[in-house]
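Single chain ahead, by itself, as structure tokens, in the form predicted alone.
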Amino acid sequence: MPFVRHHLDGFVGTVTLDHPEHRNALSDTLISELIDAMEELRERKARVMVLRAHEGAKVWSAGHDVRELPMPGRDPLGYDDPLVRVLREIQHLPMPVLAMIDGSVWGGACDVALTCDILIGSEKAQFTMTPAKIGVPYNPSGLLRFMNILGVNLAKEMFFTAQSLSAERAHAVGILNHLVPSTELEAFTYELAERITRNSPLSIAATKESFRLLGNASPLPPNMFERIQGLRRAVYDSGDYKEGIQSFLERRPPVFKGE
């Protein structure tokens, strides 16, 4: 049974995360299906895409599937890992991607949502960055994305505390473009999508790519990336990383030792 459904209605494509048994966790299989769906909508000349969860989902996505995280010795968020690949796919799509969020968003799924071009959420939306709860060192590109959207201090708060941002605060700090009642969310999102399809797709594609390039216009020196990678390697080689994954699988609080 597929974990992702998609269809095209006129110029508006819809991709639906549909794996309720695992709260739409971003497993390798779900991500592979998500990338395939986006590629098909690109080939069918969709002009805008709505990314949403299945009807009635309390969790939009639970983020990275912890059961599939590599054990110590390998970067859990390397360049070719599935989560990083789907983020690049969203960034490089020529069409705008609208995230329609009517539930909570956890961990790497926050990164997926923030990578979308426009976010529309209901009062049920919440955003929680959970890497510190399982001892995962987040990658530099993801950290930069949060810093650019939220500012350094709020990004630090999200990553350090692993506490949820409410829909109201997410709207106030600019994560959500629009905050609308749950009963109006779908109609509002698709009305906005239709409005986009009436504009020039070539102009929009060029503008989206320009935003992407300009957002990367302040390079860091190579030794800075080497330093960051060294910091991350120390974490995913550690006992804390192993404990974070093991405690999640055993459904118990982790006991981190800082080593």
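Residues carry their position along the shown sequence, with the first being 1. Small disclaimer: the values here were computed from a predicted structure and weren't measured.
What comes next is about the form predicted in complex with ligand YXS, which does not appear here.
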| item | value |
| --- | --- |
| In the predicted bound form, the residue from Leu41, Val59, Ile196, Leu30 that sits within 4.5 Å of ligand YXS by heavy atoms | Val59 |
| Proximity to ligand YXS in the predicted bound form, single hit among Pro96, Gly142, Gly103, Pro131 (heavy atom within 4.5 Å) | Pro131 |
| Non-hydrogen atom within 4.5 angstroms of ligand YXS in the predicted bound form for each of Ala25, Gly63 and Val136 | yes |
| Exercise: Phe11 in contact with ligand YXS in the predicted bound form, heavy atom 4.5 Å | no |
| 4.5 Å heavy atom contact, Gly107 and ligand YXS in the predicted bound form | yes |
| Contact label in the predicted bound form: Glu250 to ligand YXS, heavy atom within 4.5 Å | no |
| Leu192, heavy atom within 4.5 angstroms of ligand YXS in the predicted bound form | no |
| Segment that reaches ligand YXS in the predicted bound form - one of 123-131, 149-157, 168-176, 182-190, heavy atoms within 4.5 Å | 123-131 |
